[in-house]
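First, one chain by itself in structure tokens, the form predicted on its own.
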């Protein structure tokens, strides 16, 4: 299926160096949400709202909660939400772990695209928030080839790569989870809670 992703937000992200989801990643997310009828969605890493607005405009999701720590990015995301008349997205400002630890809401679908080194720390809290048969998709599991060893790990990325490798180990060895690592975008981990 072909989706309509907002070119203005995409262009803004590239112009100002804001990391945003790749369109093939967003296509997979939208396909998955629609196929499984996911109504309540959580996104970790709002950035400028490209992912949450894309999900809002192209899926059956009823509501998207999205987490972002950077107030400047939140301001831009809110401007894009208003400009695009998106009313079913709520942005929560602050450290994602604080939200994950205290949230009592349940989700059908979680898209994790925040700080890569934190993925293992987020995982137990996310699993607690996921409904049975809920889906967790984690982005950037290849981390530009550093996780797979295709390119050398740069000094500033060691902690992120270590965190991603630990996360991959956790999601692929837990018998209560069904996981696939897909070579879409920069590598997606698709985990279903049994």
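Numbering follows the first chain given and starts at 1. Computed from a prediction, not measured in an experiment: that's the story for all the values here.
Only in words, not in the display: the form predicted together with a small molecule, which the text now covers.
- For the options 123, 91, 76, 96, the one in contact with the small molecule in the model of the complex, meaning a heavy atom within 4.5 Å, is 96.
- The single contact residue among 69, 157, 127, 60, judged by any heavy atom lying within 4.5 Å of the small molecule in the model of the complex, is 69.
- Looking at residue 20, you'd find a heavy atom of it within 4.5 angstroms of the small molecule in the model of the complex.
- The shortest heavy atom separation between residue 109 and the small molecule in the model of the complex exceeds 4.5 Å.
- Mapping the unseen interface onto this chain, residue 143 falls outside it, with no heavy atom inside 4.5 Å of the small molecule in the model of the complex.
- In the model of the complex, no heavy atom of residue 134 sits within 4.5 Å of the small molecule.
- The stretch from 148 to 156, 164 to 172, 44 to 52, 30 to 38 that comes within 4.5 Å of the small molecule in the model of the complex, counting heavy atoms only, is 44 to 52.
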